[in-house]
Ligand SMILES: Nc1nc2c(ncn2[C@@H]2O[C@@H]3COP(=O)(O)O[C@H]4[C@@H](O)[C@H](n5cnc6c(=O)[nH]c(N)nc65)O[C@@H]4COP(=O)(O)O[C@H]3[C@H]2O)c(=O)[nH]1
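Only one chain is included here, represented as C-alpha cells and corresponding to the form predicted alone.
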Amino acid sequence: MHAVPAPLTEKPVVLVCDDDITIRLMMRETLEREVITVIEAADGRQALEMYKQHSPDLVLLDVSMPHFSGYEVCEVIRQSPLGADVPVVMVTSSDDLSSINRAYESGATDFLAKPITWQILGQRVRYMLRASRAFRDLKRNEERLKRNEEHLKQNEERLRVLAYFDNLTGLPNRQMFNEDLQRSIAQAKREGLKAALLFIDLDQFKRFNDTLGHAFGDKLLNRVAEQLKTRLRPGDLLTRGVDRLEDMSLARLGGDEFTICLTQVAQNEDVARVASRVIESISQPMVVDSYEVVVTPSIGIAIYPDDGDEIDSLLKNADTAMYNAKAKGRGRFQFYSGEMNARALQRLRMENELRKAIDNNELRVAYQPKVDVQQRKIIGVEALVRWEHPKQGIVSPAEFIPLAEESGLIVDIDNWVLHKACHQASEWLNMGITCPVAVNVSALNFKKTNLVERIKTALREADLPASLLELEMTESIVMSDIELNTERLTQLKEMGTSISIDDFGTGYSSLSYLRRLPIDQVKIDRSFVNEIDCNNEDMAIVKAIIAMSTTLKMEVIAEGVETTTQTEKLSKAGCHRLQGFLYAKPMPAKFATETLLAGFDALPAAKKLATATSN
C-alpha cells in the first residue's frame, strides 16, 4: 500500500502564468474545484510581480511568454530568499529531451506537457502541494531539532557551570577542585614529582561581614578573586623565579576559603614563592563601596606525597597548617608538619571545653576600674570575662575570645557576663556604692534582634537602674550599617543605658556619621596611647580625637594607660578619664569591692601621681 499524503489544512495558493487566456481560465476552473486559490499572470514580468506580492505555494509556468521565458522566471524565483523550496512546474508544448533538461536546469520541480489532461491536473497539483508541505514541515522540524540540540548543549553548559563553578566569583568550586587535585596527584605519582595544595583563608574576614554586611563581604571576595586571577598567571610567576610550575588551578571552596593546586613541583621553594605572591596580591589596599580596606591571607601548605597521598588528608593537613599560620600572627604562610596535628586537636578540644565552661561555672568576671585623675575618683569599672580552666588554670582572653567569636559561643558568654555584671553593680548599689559597670557587646551579639530585650531582662532581674549600665562596642561594629545601627543604638539609649565606642581611631568613623549616633563616650584605643611618649603622630591623633569628642559633647577616656608620662600628656591634652594597669589591673569582684570602698587615693598610682605633680 502506498502512503496517502495528509490533507492540506489551509487553502493553498497557486500562481498560474500563461499568455493564453483560455489556458489560464481552464487552469483556474480545474484548480478551484480542488479548493485551491488561483492567481494569474499573463507574462513573465507580471508573474514575478505576483510572486513577490503573494508568495504562492506552487507556480505553474508556461515556457514561452512575453518579456521573460518560463525558464528565466523560474531562475529568478529560485534566487529569491524564500523561493528555494517552492514547487515550480513548467508547462510546455515540447516534449523533447532538451526542453525537459532545460526545465530542470532552471530549477523546475516538474513539467507538464501540452495538451494538458485536465482530469489529472488538479490531483497532480494537490499531490505536489502535499509533498511540498511535507517537505517544508520536515525542514522546519529539522531546524527546530537543530535549535533544540543547540539549546539541550547550552543547558548542559549551564549545568556544567553550576556544577563546577562558584556563582559569586566565577572561580572553580569545591567539586572541580577535588577533580583537579585528584588529577594532580595522579600526574605527580606517574612522573615521580610532587604536588602542592595551598589552603587560603582571609584573616578576620568575619569582622567585615559582621560590621559592614554580607553584601560588602561578597564584593570584597570578588575583589580578592580578581586579584588572584590576574596576578597569579603562570607567565607572571615565571618572571618571579618560580622554576617549573606547568599547571596551577585556583578555586574557591566557599566562604572566604580559596585553594591553589600546583603540579610539577620540583622544590618547595617554588611553592613558597607562589604563597608569597598570594600574600602580596591579596594584601594590597582595596576600595570597596568607598571604604579602603586591607585584608590579609593566612596560607597552609600540604605537599604530596610527604603530607598525604589522597585528597582528604592533604586538605586536612593544609587546613591545619593554615590555622598554625594564623596563630603565628596572620598574613603569612606555613608548611604542614606532623606536630601541627597536636595543636589542631588542642584547639578543637579547647572549643569543646569552652562550650561547657559556662555550665561548669569556670568563667569569672574581673572588674577594671576607670578613674578621673582631675577629680581623683573612680568613675566606674569595666567587666571583663576570664576563664579559669580546672586543669590549665587561667586561660588568656587572647586565646579563647577569638575562638568564642569564631564558634559563635561569644553570644552566650556576652549574655552571661551581662547578667553577672548587672547583679554585681546592684549589689554595690545596695552597699551604698554607686558604680557604673561597662560590658562589651560583640559584633555577633549586636546583630541579634533580641539584644534590647535581653538587656532589659538582665536589668530587671538584677533590679539595676539602666543608668548604671554602660554598653561598649567597637567602632567597626557601629559603623557597619549606619542606618540600622542608629536605630538599634537609639533603642538602647532610650532604655537609659550609656553607649561607649571602644577601640576608637582604628576603624572607619567620620565626623558626619558620629554626629548622627547617640553616643555618650569614646575610648581612645590603647595602640595610640602606647606610643604617645615617643610618637608625635600618635599624640596628634589623640589630640584630634579629644577635640572631636569635645565638639560633639562626648566624654573621652583613654585605655591602656601604663605610665605617669602617658597620664600627664593625656591630661594636658584634655583627657582626664583613664583606664589601664597604672591604676588597676582587672580584679575579682571581692577585690574590686575593696578598691571601690577605699577610693582613688588608695590606688598605688595615686601616690606616684602626687609625687610626679609635686616635682
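The first residue of the sequence shown is number 1, and the count goes up from there. Only a predicted model underlies this, so the values are computations on that prediction, with no experimental measurement involved.
Note that the form predicted in complex with the ligand isn't included here; everything after this is about it.
The contact with the ligand in the predicted complex, taken as any heavy atom within 4.5 Å, belongs to L384 out of L384, L451, L514, V86. This chain is drawn without the ligand; in the predicted complex, the residue among N209, S132, Q424, S442 with a heavy atom within 4.5 Å of it is S442. Here the chain stands by itself, but in the predicted complex one stretch of 560 to 568, 52 to 60, 547 to 555, 26 to 34, 560 to 568, has heavy atoms within 4.5 Å of the ligand. In the predicted complex, the ligand lies within 4.5 Å of some heavy atom of V417.
Of the heavy atoms in G44, none are within 4.5 Å of the ligand in the predicted complex. Taking the partner from elsewhere, D503 is found to have a heavy atom lying within 4.5 Å of the ligand in the predicted complex. In the predicted complex, M350 stays away from the ligand, with no heavy atom inside 4.5 Å. In the predicted complex, the ligand lies beyond 4.5 angstroms of every heavy atom of every residue of 287 to 314.
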